[in-house]
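Next comes just one chain, in structure tokens: the form predicted alone.
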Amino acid sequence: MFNWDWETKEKLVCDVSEYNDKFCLVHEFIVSPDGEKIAAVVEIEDKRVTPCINGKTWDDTFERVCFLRLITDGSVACLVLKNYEWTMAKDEVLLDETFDYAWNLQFSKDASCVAFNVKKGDSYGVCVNGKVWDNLFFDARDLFIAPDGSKTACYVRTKNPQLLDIFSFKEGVWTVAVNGIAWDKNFISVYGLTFSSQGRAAATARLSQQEFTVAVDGNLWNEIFPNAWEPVFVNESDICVPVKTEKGWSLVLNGKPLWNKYFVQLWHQTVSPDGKKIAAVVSPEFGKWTVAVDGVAWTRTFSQAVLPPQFSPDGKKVASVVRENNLWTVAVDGVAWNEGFERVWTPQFSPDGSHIVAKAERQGVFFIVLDGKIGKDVFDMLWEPVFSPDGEKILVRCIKNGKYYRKILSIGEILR
């Protein structure tokens, strides 16, 4: 972000209106984080498809192209089906190894790790930077990459009982594999896998029909609960998770009570950037939703939905997308914006926390909403706005009148 161009006021990157005349079919557009590229999978002829980036197609064509990604290092990657075999293509170069199926292409923030799930014969695993895990499994689901890109993990099935062998399934056939090494304990189910900043792995494990706990690097907590949602690392040594108790749902830290408040429901806990506060979506009464910060719920509640809370960088403010009377909006510290929309995307705080911006949709067009006020421009398509590192400018990535633009606007220019 610090190396992005924050000076060029407006750049016409590509006239995407020409795509409809040039190609038989255009799939969904994606844009790069810095806004310099717009890409889509396009159908050339005879059902052959290929990526198109800023109006230029790759030379090679494929039966299918999925998971097209504009990676933070500037490269373009996707999963392709060619001659009925799947593999990954990166900047038009295909891996030598092919697979019966490939899916879920992901990359780490620093682009040092590019990974995806694979199926070879009857076995499943993960391909990381072009190399398949040494161990494959009877099944593999989802994919997680550690923040520093040093580890990959997914849920794996290590046993293969017969279809109606319910007793073996009850003993547990699922666990977690990290870098291809499965934990030595199996569970009925396992979910909510997350990595710490230094690569520790935690997940919620179901031990029986009504026994849940948390596994950290394969080691189980001593505490068992009637139900539990996904864990979150507070720091390298502390993990919090919502659990069900006799009094209701609450948060525990390393298996011990953290909040002394109980709710009808509690989930989506979020840790402030400095690790000193925790916010979560809670239901204080049946049919009412709000946000609680360190166990203290907002006074204002919403009847239809409250999405995961977001802390400002200084941890002093909390915002959530909320839904009331069939309209979406944003609430900051319990106060909802006056404007309602058909859809609102996750809001972003400025670096100093003084402003908050979001993308919103109403009647088929898109707006930028800054501090609850609708921006002056209307867009055919819009990606989530991004604050500059100093918070003085906003990167706008948009399609207007059939043309894709990259714009840099000041705070004042958004509303003026």
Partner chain sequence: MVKFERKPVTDIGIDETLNRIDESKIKRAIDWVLKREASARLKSFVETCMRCGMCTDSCHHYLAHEGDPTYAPAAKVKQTIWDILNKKGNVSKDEIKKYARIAFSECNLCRRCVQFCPFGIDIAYLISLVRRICCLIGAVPQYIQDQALSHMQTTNMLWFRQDEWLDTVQWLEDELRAEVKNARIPLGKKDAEVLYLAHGLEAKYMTGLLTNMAKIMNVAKIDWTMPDCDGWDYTNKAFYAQDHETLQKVVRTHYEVAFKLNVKRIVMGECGHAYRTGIYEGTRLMGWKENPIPYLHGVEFFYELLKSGKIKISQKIKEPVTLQDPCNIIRYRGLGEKLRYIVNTLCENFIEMTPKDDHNYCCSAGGGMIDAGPPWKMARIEGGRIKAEQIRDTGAKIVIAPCHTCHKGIEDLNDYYKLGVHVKFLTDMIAEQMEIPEEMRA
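Residue numbers count along the first chain shown, from 1. On a predicted model such as this, the values are computed, not experimentally measured, just so you know.
Not on display, but discussed next: the form predicted together with the partner chain.
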property	result
Stretch from 329-337, 137-145, 231-239, 254-262 whose residues place a heavy atom within 4.5 Å of the partner chain in the model of the complex	137-145
Heavy atom within 4.5 Å of the partner chain in the model of the complex - residue from Val190, Ala215, Cys78, Val114	Val190
In the model of the complex, the one of Glu43, Asp60, Asp34, Asp371 near the partner chain [non-hydrogen atom within 4.5 angstroms]	Glu43
Touches the partner chain in the model of the complex: Lys376 (any heavy atom, 4.5 Å)	no
4.5 Å heavy atom contact, Cys66 and the partner chain in the model of the complex	yes
Proximity of Leu164 to the partner chain in the model of the complex, heavy atoms at 4.5 Å	yes
Close approach of His355 to the partner chain in the model of the complex, 4.5 Å, heavy atom	no
Residues in 400-414 close to the partner chain in the model of the complex, defined by a heavy atom within 4.5 Å, in order	none
